[in-house]
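This document starts with one chain, in the form predicted on its own, laid out as structure tokens.
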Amino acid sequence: MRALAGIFMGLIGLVLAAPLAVVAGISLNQRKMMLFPPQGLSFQWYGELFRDEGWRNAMLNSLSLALCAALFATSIALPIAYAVWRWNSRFARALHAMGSTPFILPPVITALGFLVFWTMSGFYGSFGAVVISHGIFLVTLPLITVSLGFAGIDPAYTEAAATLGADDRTVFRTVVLPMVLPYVVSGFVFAFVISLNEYIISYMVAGFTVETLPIKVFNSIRYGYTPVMAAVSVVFILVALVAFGLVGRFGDLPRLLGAWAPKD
């Protein structure tokens, strides 16, 4: 039975890895064609990704946007999660519920709402509009992870700190924040990776004014397929692997994925 389970899991891994292997193989083509198996091996398309000004600017736009949006989303999620944990008021719970709604709606509906709002306000096509839109859309991710961090804090620690004379601000800075910091970083990483790959909201809010890597790939398809697009995909995969690897190394990954530690 265990052997059958191992074979089954191996087949699932093979199915999941096959598209990645094809994309990686295409990115190594020596000729300017998207062929698999690759004809000749060359890393020239990765160099083209960094040498070409259009691709380089799109990469910088994507990284800047993802960093700012993740920071914005995390800065919203942390005080909301803290208010729910500390006071559990109706207003705090209402904000928490609102922060969980963006992922309930289809992304295209949310993107259309942002499109109408930014067009009416006169900020359509601006970098700031894209950052705020991404941050609001992705706030659910850090909100969930940070809330898990607060839920795992043993009240005995904060009570002991308060008994020793620490005020609320000192308790938060010296006891609470260090305990939830891995969850804050995890939420930031999740938002960063999703924002890096997000296309619909970027396209609806900025069109081609703020050209990110996903939009650049879409634009390049109109002029023909090149291995550079496969190289971009491989870079995306490597960034995601590194980011989630750091979360797995320094964060509580099993609990973030839904596993709760057994009670003593």
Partner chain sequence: MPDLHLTGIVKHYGSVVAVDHVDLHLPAGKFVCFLGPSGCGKTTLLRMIAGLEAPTKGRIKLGEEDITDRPTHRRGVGMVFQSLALFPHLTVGENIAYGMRIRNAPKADTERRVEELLQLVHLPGLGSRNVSQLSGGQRQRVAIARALALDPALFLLDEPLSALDAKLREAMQVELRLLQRRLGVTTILVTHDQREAMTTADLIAVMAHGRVQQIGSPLEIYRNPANTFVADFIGSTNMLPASIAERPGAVWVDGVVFPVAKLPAGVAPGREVTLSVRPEELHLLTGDMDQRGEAVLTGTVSFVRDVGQSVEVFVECGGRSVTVVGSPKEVPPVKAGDAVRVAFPAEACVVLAQ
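This one's a predicted model, so the numbers in the text were calculated from it and none came from an experiment. Positions refer to the first chain, counted from 1.
Another form exists, predicted in complex with its partner chain; not displayed. Remarks below refer to it.
*Using heavy atoms and a 4.5 Å limit, would one call Gly122 a contact residue for its partner chain in the model of the complex?*
Gly122: no, not in contact with its partner chain in the model of the complex.
_Does any part of Ala161 reach within 4.5 Å of its partner chain in the model of the complex? Heavy atoms only, please._
Output for Ala161 is yes: heavy atoms within 4.5 Å of its partner chain.
*asked:* Residue-level contact is defined here as any heavy atom of the residue lying within 4.5 Å of its partner chain in the model of the complex; does Leu181 satisfy this criterion?
replied: The answer is no: Leu181 has no heavy atom within 4.5 Å of its partner chain.
*Report whether the minimum heavy atom distance between Val175 and its partner chain in the model of the complex is within 4.5 Å.*
Contact check for Val175: yes, within 4.5 Å of its partner chain in the model of the complex.
*asked:* At 4.5 Å, heavy atom to heavy atom, what parts of 56-92 sit next to its partner chain in the model of the complex? List them in sequence order, or say none.
replied: Nothing in this stretch is in contact.
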